[in-house]
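As a starting point, one isolated chain is supplied in structure tokens, in the form predicted alone.
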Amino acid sequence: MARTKSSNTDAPNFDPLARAYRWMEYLSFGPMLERCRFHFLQQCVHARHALILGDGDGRFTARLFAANPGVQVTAVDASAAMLATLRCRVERISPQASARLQTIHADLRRFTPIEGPYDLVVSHFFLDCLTDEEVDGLIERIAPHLTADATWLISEFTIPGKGWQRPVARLLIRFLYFAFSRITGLRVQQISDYGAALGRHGFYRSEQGQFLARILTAELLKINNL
């Protein structure tokens, strides 16, 4: 049975979205967020120990277990309701998969791993909930618990550098931050420069996929050991 550790914090409250999150996503963006989220799934089939940060209702975690029958997963989220939904999805895969899952209820602005090493880190549509300083601190705390060949998989909203997509993306992202601030109490109002933070900690982008007129991006980052 999945183990759960708990830590009460003042993190934004995503619990009210747990049941409706999937349908809210489909009504807003159709299948595009899922396509972005699963774009590099096949590159994760050989991962041994994954650290999954803020996976929400657990669609990626469940798909990872289905694609990789040997992976161990530690899933961390500030929402107990989201973690419960994640566990239910994984348990539908198989009891054996559930036994390889540990869930940790914690505020990722303060979370420090105590286990590992992890050869895969996953953060789908989560780093946009953190400030630049919080992202840098999270990477600094996680980095010592990674293997030398670790991969970091990221899906995020992005603002294209030019073209008609840029003003559209800016307006869309501004609306999303407004909506989530009202529903969850999220205080962040702009996407962090997570790429620069990861670069400072030795990561480089090895692959990228773009969706929805370049408003969504999926990235695989590797550790530069040179």
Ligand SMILES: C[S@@+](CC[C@H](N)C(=O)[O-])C[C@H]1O[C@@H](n2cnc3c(N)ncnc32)[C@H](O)[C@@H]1O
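Don't overthink the numbering: it's just position in the shown sequence, from 1. What you are looking at is a predicted structure, and each value in this text was computed from that prediction instead of being measured.
Although not depicted, the form predicted in complex with this ligand is the subject of the following passage.
Participant: With heavy atoms only and a cut-off of 4.5 Å, decide whether A78 touches this ligand in the predicted bound form.
Facilitator: Flag for A78 set to yes.
Participant: So, R109 and this ligand: in the predicted bound form, are they within 4.5 Å at any heavy atom pair?
Facilitator: Output for R109 is yes: heavy atoms within 4.5 Å of this ligand.
Participant: So in the predicted bound form, does L153 come within 4.5 Å of this ligand, heavy atom to heavy atom?
Facilitator: Contact with this ligand, no.
Participant: Hey, in the predicted bound form, is F14 touching this ligand, heavy atoms inside 4.5 Å?
Facilitator: Output for F14 is yes: heavy atoms within 4.5 Å of this ligand.
Participant: In the predicted bound form, which of 79 to 87, 113 to 121, 92 to 100, 145 to 153 comes within 4.5 Å of this ligand (heavy atoms)?
Facilitator: So the stretch in question is 79 to 87.
Participant: Within 37 to 56, which residues come within 4.5 Å of this ligand in the predicted bound form, counting heavy atoms only?
Facilitator: The stretch touches the partner through R37, G54, D55, G56.
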